[in-house]
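First, one chain by itself in structure tokens, the form predicted alone.
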Amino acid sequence: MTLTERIASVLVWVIAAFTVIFLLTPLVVTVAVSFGSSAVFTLPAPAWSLRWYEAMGRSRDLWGAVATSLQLAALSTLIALVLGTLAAIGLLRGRFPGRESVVTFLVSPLMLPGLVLGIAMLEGFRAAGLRAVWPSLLFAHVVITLPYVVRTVYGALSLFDFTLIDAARTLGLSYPKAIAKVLVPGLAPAFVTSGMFAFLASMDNYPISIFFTNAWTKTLPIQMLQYVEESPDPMIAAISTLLILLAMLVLVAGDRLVGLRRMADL
């Protein structure tokens, strides 16, 4: 290795280390603050304590918001997996004018500002006569999560060899059984990956959910914003720490089921 290559290698590692530190520092600070005993955000903490985690347990509003977010995330992810997979199969196997435009339209919620999308859906739902909070939140979260499924499954399907289904049928399987035994296992990594990202996107969504919540039905991000406005104490850091833990658990599960490298490739 020449001197220039060594210098370049060192620079790459230094930049990579700086980037990792830059990204992880806010998370480390949040976790550290959540275990402090002080009533304000301060580091170093005067003493270590589980005070703010105990306060979380006594908050009825918080757990109601957690339950709402978990229900919305699970249900919207399930609906998005079904609709997104059917849409991806239709777009890949179908031959019709404007197919690429439809693909771009389906993933466009990922590119639009959340507030713009929220206002558009609010006006659209009102025009359609939909004013109930829970169904509005569910439809909005399906719109949020659907692009993750369409994009991932469409990419996986483009690499799938559909002649395998024909081969399975020549061996005696019916078409539904060939789909279940050949196509579904082949797309399982795409289902897991897109489902994970869709679930986390739904749990974390704030700019769209804020248009559809009310005083009785709130998602977790909306409830967290209310805490920050009304009582900005380190309990918000404790909630954030549990969300960080949830994201890590989802990534660990994805690594065990699919593998991080394959998830990145999808």
Partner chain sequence: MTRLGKLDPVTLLALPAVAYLGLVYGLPLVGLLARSLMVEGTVSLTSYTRFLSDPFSWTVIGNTLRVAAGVTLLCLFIGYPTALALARAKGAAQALILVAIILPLSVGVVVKAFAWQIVLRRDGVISQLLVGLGLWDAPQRLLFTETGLVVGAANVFVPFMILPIYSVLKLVDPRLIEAAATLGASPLYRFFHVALPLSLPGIVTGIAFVFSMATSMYVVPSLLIGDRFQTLATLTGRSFLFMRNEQLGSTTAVVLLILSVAVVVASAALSRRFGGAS
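Everything numeric in this text was worked out from a predicted model, so none of it was measured. Numbering follows the first chain given and starts at 1. The term rigid core refers to the most C-alpha atoms you can superpose between the two forms while keeping them within 1.5 Å.
Note that the form predicted together with its partner chain isn't included here; everything after this is about it.
S.K.: For the chain shown here without its partner, which stretch in 67 to 75, 138 to 146, 177 to 185, 163 to 171 has non-hydrogen atoms within 4.5 angstroms of its partner chain in the predicted bound form?
M.R.: So the stretch in question is 138 to 146.
S.K.: Using heavy atoms only and a 4.5 Å cut-off, decide whether all three of A47, S158 and F191 touch its partner chain in the predicted bound form.
M.R.: Looking in the predicted bound form, the three residues A47, S158 and F191 all stay beyond 4.5 Å of its partner chain (heavy atoms).
S.K.: Taking heavy atoms and a 4.5 Å cut-off, does V116 contact its partner chain in the predicted bound form?
M.R.: Flag for V116 set to yes.
S.K.: Evaluate V258 for contact with its partner chain in the predicted bound form, applying a 4.5 angstroms cut-off between non-hydrogen atoms, and reply yes or no.
M.R.: Heavy-atom contact with its partner chain at 4.5 Å: absent for V258.
S.K.: Check L86 for me: does it contact its partner chain in the predicted bound form (non-hydrogen atoms, 4.5 angstroms)?
M.R.: L86 belongs to the contact set for its partner chain.
S.K.: Do W134 and its partner chain come within 4.5 Å of each other in the predicted bound form, heavy atoms counted?
M.R.: Taking the distances in the predicted bound form, the answer for W134 is no, it never comes within 4.5 Å of its partner chain.
S.K.: With its partner chain taken in the predicted bound form, which residues across 17 to 33 come within 4.5 angstroms through any non-hydrogen atom?
M.R.: Contacting residues: F18, T19, V20, F22, L23, L24, T25, P26, L27, V29, T30, V33.
S.K.: Superpose the two forms on their rigid core, then report whether the C-alpha of T19 is displaced by 2 angstroms or more between the shown form and the other one.
M.R.: Shift at T19: below 2 Å after core fit.
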